[in-house]
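Next up: just one chain, as structure tokens, the form predicted alone.
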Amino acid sequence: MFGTGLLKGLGVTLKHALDTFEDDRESVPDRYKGSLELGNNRRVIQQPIDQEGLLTIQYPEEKRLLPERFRYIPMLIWDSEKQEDRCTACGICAKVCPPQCIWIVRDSDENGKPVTRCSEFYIDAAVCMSCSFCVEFCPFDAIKMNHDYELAVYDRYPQLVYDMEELTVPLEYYAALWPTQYEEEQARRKQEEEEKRKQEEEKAAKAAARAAAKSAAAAEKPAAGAPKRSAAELQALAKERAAQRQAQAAEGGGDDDAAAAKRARMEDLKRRAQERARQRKQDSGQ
């Protein structure tokens, strides 16, 4: 039993060895099908699951085509369309980072007031655990995971501490590494911008409707206070006002007569008082 199983195992090994040798002797071996030729015997090889033949890659001349969701260390996105960094220095990535390998310094204007952009951004690649928490929690899609894994250096500090200049990449670089995710994000951004535009249009339409309603109400208010009258009504109103003026004039005349009578009585009383005074003077002289 054990002897037959051993022979079967050796037979399988021999079959694979012969198949690999035969495949490797072809002009284009199976492992090079669909690969990218970079020159100087350098290739980027795609290894599907159903690949046959030799699977060993001669690194560093030959490298595997990395899957889209491969992640190593973060990178910052420079928005080429808006010509600005997406990062607003909110600090969320630094707060959620498990090994605390991110440091951020917010920039200030000429008056010393903080502004929504970074002046300094550092990541310690030696500590980063490639968890992509910073990517998942970033509300502005400003930080993504890079595919660059060849970061070997002789000195850990400061060569593995990357600053903002070393971490920043253009938007096109991210689109090339993450094509599917990039398209999904662009579709989501366009939808959000369209919804925001619709909300602004609805808000502007409501404001215009309120302004029109106010102007209409203001126009109707004086009209309600001064209704239109016919010619006959205007003539009657004029006659009524004329009669009122005559009555006021008559009342004013009666008042003048009463005042004149009062003055006459006062003059008569004054005259009588003067006569009595002269009479008393004469009597006292006698």
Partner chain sequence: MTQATAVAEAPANDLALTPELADAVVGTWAEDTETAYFIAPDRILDVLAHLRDAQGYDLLSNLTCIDYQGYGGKLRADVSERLDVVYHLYSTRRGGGSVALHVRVPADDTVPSATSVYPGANLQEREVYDLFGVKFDGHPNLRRILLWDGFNGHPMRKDWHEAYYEEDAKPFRSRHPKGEYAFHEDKLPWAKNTTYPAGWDPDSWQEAVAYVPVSQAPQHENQPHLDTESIVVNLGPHHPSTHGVFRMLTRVEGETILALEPEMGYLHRNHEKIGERNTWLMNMPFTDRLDYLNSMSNNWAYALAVEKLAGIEVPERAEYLRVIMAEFTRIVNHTWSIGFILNDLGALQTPALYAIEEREMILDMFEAVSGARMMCNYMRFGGVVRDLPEGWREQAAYLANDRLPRALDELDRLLTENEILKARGRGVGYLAVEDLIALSVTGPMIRAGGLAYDIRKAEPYGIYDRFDFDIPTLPNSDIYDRYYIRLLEAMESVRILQQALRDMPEGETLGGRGGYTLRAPEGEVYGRLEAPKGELGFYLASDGKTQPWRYHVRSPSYINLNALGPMSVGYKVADAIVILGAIDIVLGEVDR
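Numbering follows the first chain given and starts at 1. We call the rigid core whatever largest set of C-alpha positions still superposes within 1.5 Å between the two forms. Quick caveat, the model's predicted, so the values are computed rather than measured.
Not pictured, yet referred to below: the form predicted together with the partner chain.
The candidate spot formed by T13, Q51 and P67 is fully in contact with the partner chain in the predicted complex: every one of the three has a heavy atom within 4.5 Å. In the predicted complex, the partner chain lies farther than 4.5 Å from every heavy atom of Q199. At a distance threshold of 4.5 angstroms between non-hydrogen atoms, P170 is out of contact with the partner chain in the predicted complex. Although the partner is absent here, Q100 is a contact residue: one of its heavy atoms lies within 4.5 angstroms of the partner chain in the predicted complex. Contact annotation for E84: none of its heavy atoms lies within 4.5 Å of the partner chain in the predicted complex. Stretch 127-135 is the answer when you ask which of 203-211, 127-135, 190-198, 76-84 has residues with heavy atoms within 4.5 Å of the partner chain in the predicted complex. In the predicted complex, the residues of 155-182 lying within 4.5 Å of the partner chain by at least one heavy atom are, in order, R156, Y157, P158, V161. Positional change of P139 between this form and the one not shown stays under 2 Å at the C-alpha, relative to the superposed core. Taking the rigid core as fixed, one finds a CA shift for K113 of 2 Å or more between this form and the one not shown.
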